[in-house]
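Next up: the same protein chain in two forms, each one alone, written as structure tokens (structure 1, then structure 2).
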Structure 1
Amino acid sequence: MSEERPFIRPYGDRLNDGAVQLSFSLPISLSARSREAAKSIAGRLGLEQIRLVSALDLGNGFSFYILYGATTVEIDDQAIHLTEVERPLLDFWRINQLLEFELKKRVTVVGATIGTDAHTVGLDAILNAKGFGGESGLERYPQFRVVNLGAQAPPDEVLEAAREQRADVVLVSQVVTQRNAHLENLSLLAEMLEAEGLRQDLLLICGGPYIDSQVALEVGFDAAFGPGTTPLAVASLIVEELLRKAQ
């Protein structure tokens, strides 16, 4: 929208209509009462002009609702504090150049999917030469040496590899996050690296489609990457952070 104003509202059809679409199930069978219950939930969420457009019985005492409503909530998007900074991306040549001539070293990256997680596609997308979304992975950069431990690596194996390979960066992937399955592994790894005195010499980075970067930082990581991450974004951050640390 071209109009300049500090506050924004959800948009459906007209500016400031506040249109919100909502769906959820209730653990009760469909009835006149359950419909009203669904509408009241929408009301309690702060919606106005609530329209219940579909109400379906799911069987065995469950029902499903689709609603529309309007919100009066307004947000000043400029005032939002971002934990994930949108940093400018460097390019392939610039990254190699900075590592070779400024940092003056070949950077060793140890990567793994830890715990019992067997999802490798995400980390491979970042590390393997083939890369992701048309971009080469870190293996293709002459200035990166990549050691990919693959799936299901226990945290102590990652620690051992980091020590043996004299890693500058450790990249870990966690994809299964249901019921916070990943958090224990992530904090364990961070603690182990700390206890073994390796932590301060390393960049510790995690990634995965459902990683909350705030939480990752809290359990001791330097950075976290979410869905759609490209190898370039990771390489850029590594260069920037290593240069900053070297100063």
Structure 2
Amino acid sequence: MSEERPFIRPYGDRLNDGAVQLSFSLPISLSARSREAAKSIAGRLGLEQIRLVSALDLGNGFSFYILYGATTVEIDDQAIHLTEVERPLLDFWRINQLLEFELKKRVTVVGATIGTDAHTVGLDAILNAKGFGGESGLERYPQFRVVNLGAQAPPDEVLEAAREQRADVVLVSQVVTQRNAHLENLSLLAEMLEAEGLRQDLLLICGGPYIDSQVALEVGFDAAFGPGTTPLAVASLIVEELLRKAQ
């Protein structure tokens, strides 16, 4: 009879000690009172054995804190429902082969960061020829044609590019999340594409540090990628999804 798998909890120095690190800012200047306020907040969050290890005055009535503490919270990770789907990675040559001989076309990818978002590092890591993590970007694939609109592209500009370029894929990166700007931007683009009758023919992919598959589906996209994603993962998904849609 197999031994029952224990629940898990965070650890630092020793297994299951519950050690966590917490950091946040407060809208008050640094003082003895603000330090106690930071520890009080950590206590209200359920942490025990709280230690304030760093406090910084940010100026203009703001301060920043790093605290250590311990939690008694534990979970059964096997009971977690995943919305992410693990997909097999294809290699560079297999991807091109499938596009050329199975899909029988070059795939046009229109990419951009939209709204006021000027962060293109993640987008360029996927699209530009130099790529990321030792992998070539989509520009190096003979069977991909990439149109990179760069930063701060208005949704209507992305829509027009998708129409004019006869895009197969629209890839949008969103890093700025203040006041849920990323959700508004992505939803607006999906709605505009739907209204113009372009959505059904497009594979919509979004990426960013605060975007996952559940968020992507909720805002009308087909898939999402988070930090550390490599071009091969994106290319593999594109091939898989386009072949599925073509059946």
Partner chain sequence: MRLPIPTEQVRHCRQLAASIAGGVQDEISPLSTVSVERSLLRLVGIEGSNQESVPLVNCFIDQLTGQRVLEDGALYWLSNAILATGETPQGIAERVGARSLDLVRLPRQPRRAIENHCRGIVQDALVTLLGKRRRRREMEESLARTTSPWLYVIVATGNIYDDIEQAKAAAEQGADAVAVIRSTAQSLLDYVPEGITTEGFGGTYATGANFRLMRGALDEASRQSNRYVRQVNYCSGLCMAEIAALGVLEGLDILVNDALYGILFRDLNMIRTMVDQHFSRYLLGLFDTTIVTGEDNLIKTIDAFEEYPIVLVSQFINEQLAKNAGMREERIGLGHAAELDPALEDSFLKELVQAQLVRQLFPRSPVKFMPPTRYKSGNIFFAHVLDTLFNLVAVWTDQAIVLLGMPTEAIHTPYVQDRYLSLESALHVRRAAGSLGQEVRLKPNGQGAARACWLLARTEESLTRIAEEGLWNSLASGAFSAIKRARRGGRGYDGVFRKGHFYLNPFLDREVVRRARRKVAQNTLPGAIELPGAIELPGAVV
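These numbers were taken from a predicted model, which means no experiment stands behind them. Throughout, rigid core stands for the largest set of C-alpha atoms superposing within 1.5 Å between the two forms. Here, residue number means position along structure 1's sequence, counting from 1.
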Exercise for the section: Could you let me know which number goes with the form predicted together with its partner chain? Expected result: 1
Practice task
Return yes or no for residue 52: a CA shift of at least 2 Å between structure 1 and structure 2, with the rigid core superposed?
Solution key: yes
Practice task
Inspect the rigid-core superposition and answer whether the C-alpha of residue 71 shifts by 2 angstroms or more between structure 1 and structure 2.
Solution key: yes
Practice task
Would you say whether residue 234 is displaced between structure 1 and structure 2, judging by a C-alpha shift of 2 Å or more on the superposed rigid core?
Solution key: no
Problem - Cα displacement of residue 15 between structure 1 and structure 2, once the rigid core is superposed (Å) - result: 6.6
